[in-house]
Each structure stands twice: as structure tokens, then as C-alpha cells.
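One chain is shown next in C-alpha cells, namely the form predicted on its own.
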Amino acid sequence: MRDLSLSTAIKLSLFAIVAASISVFAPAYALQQVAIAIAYAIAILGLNLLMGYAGQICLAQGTLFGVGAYVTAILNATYGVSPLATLPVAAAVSAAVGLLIGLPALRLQGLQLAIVTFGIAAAFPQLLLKLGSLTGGVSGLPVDAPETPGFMTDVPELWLYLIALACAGIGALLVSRVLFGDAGRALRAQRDNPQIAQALGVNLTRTRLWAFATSSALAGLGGGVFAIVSGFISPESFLAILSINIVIGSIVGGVTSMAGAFVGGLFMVFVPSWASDINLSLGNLIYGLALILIMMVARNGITGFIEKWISMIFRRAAG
């Protein structure tokens, strides 16, 4: 328990140092990019809960992310609701949609569930175009920037970064409370052995649907943050490939790690851009090789790799 508390304290301290350093030293454009990465990280956090702890595969997280983004955009652009006030609604609507998506999980598992959810992700952009009177169609929807405090008017990107960081903190707190409570134990039990979990009194139907709803709410919250930070959304932002990239971010960061969600979000935003900067014509090749290298070196994700080396250092120091 003492080691666990020390490990948690170290992680929180490192996170606080990195977050503060970014806010102080990063230029305005980089702050906005990091805020977008945090929005993706919130969605990855939900997917980690679903895949890593509940054992359910979902390739529609990008769709739920898009639902949250469009709820924020529609409420703001059409009804004049303050952008920040739309975030709880975005999370709630996405949770409701996630419950519907989760219904097949009661009968389907593994690759079958993956195909069903990916079909939803593939259909979502077309649905947005069909509902053009509500979603703005191919023209998309603008989102007003939240009012910036007076002392931040020179750097509005810093305010967007802090909003994204606060929402991520709320999401991380929610997930941590879930994982270290009875609900977390029920999730892991039905993941490891559904028959034994059911014999011990775990309601598999309720647990799986609850996992989908919670994961979807986080995706919707991330989508709402994305809409606010970006200032504009369109169907092009929520193609099926987004769901695949969120899964990649989850695996690269560490599918059972909360810190891994933030690593995965940063990976989603910055690594493809850096790969293209190295060589524009070979950007996809470099990105693919980076993925292969990471999976060969860090099979439990980047955070798992770092934690492994930190624990080795502590053991040698203690010995």
C-alpha cells in the first residue's frame, strides 16, 4: 500500500510539473494543440475504462466524441447557450447514445462487436450530412469561444488549455473513483470470468451497459471540449478513422493506465505532424514505423514501459 501511495504521488507530481511547464513555456499555438490533445485524451480515458477494465471492444468512440462535439455546437450556434454550459449536456447525450450502442454488447463479443461498432462509426459522417438542417451539413458549425478572464485576454489559448485540463481532471477523478470502488471490482470480475462474476452476484447486463454509458459520457465531454477549443466543427472532423486513431492512442499510451490516456492524446496530435515534418512524402511510412517500434519495445504501452523502468530503478536503489 505504501509503494502504491508513493507511486501515485510521483505520478501526480510529474503530471502537475508537466502541466504547469506547458502553461508557462508553450507558445500560443502549441497550447491550443495540447488542449486538443487533452480533448482526445478524455475520450481515450473512457475507452480505457471500457476496453482495459470492462473488456469490451468499441470502435465507435470517435462517433460518441462527435456526438458530444455536435451537441455543444448546436446548443451554442443555434440556441445561444454558453459553450461551457453545454458540456454536461454533451456528456449526458453521448451517454444515452452509448447505452444504445452498448445493447449489442449484451449478445456480441470480440470481433463481432468490433465490426458492429465500426459500422456505426462509418455511418456517422453520412448521418451528419443528412441532418444538414441541424448540423450545418458540409459547411459545419461555428462555436463561440468562452469568455476569457481579464488577466488572460492576451493569451486566450491559455484559458482554453486550462478548460481542457479541468475537464480532464474531472474525467480522471470519475474514473479513479470507479476503479477503486465496488463498480471497478465488478468490471474486472466480468472481464476476467463472466460466469464466476455472475455466480458471485454481478449483474452482467447492468455492468456492461453502465461501462458503455460512462465511457460514452467521457467521449462526449471530450468532444464538447474539442468543439470549444477548435471553434468550428464539420463532418470531416469525425470520419471513421478517428475511432481507429483513438484506439491506437489508447493502446500506445497504455490501455489500463489513466496517465496513458494523456500520452495517447498527445501521440494522436503530435506524432503524425512530426512524421510529416521529417519527410512530407514519407509521413505515413514514418508514422507506421513509429507504431511498430513502440509496440515492439513497449507492449503494455508507453506508460507501462516507463513504470517498468521506474520500478526497476526503485528496486535496485532499495536493494
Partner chain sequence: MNDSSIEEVRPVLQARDVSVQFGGVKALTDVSLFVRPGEICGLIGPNGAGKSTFLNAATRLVNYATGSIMLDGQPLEGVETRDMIGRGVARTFQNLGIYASMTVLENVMLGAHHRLGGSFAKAIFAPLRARALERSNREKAMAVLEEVGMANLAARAAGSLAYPLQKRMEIARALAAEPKILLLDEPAGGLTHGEVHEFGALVDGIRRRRNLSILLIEHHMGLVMSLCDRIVVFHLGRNLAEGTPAEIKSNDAVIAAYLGKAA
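Positions refer to the first chain, counted from 1. Being a predicted model, the structure only gives us computed values, none of them experimental.
FYI, the form predicted together with its partner chain isn't displayed, but the following is about it.
Would you point out which of 200-208, 232-240, 161-169, 75-83 contains residues with a non-hydrogen atom within 4.5 Å of its partner chain in the predicted complex?
This holds for exactly one stretch, 200-208.
Under a 4.5 angstroms heavy atom criterion, identify the one residue in A92, I115, V155, V178 near its partner chain in the predicted complex.
Contact check passes for V178.
Looking at L129, A122, L100, A189, which has any heavy atom no more than 4.5 Å from its partner chain in the predicted complex?
It is A189.
D182: heavy atom within 4.5 Å of its partner chain in the predicted complex?
Taking the distances in the predicted complex, the answer for D182 is yes, it comes within 4.5 Å of its partner chain.
Is A145 close to its partner chain in the predicted complex, meaning a heavy atom pair under 4.5 Å apart or at it?
Heavy-atom contact with its partner chain at 4.5 Å: absent for A145.
Answer for N193 alone: is it within 4.5 Å of its partner chain in the predicted complex, judged on heavy atom distances?
Yes - in the predicted complex, heavy atoms of N193 and its partner chain come within 4.5 Å of each other.
Answer for T214 alone: is it within 4.5 Å of its partner chain in the predicted complex, judged on heavy atom distances?
Judged by the heavy-atom cut-off of 4.5 Å, T214 is in contact with its partner chain in the predicted complex.
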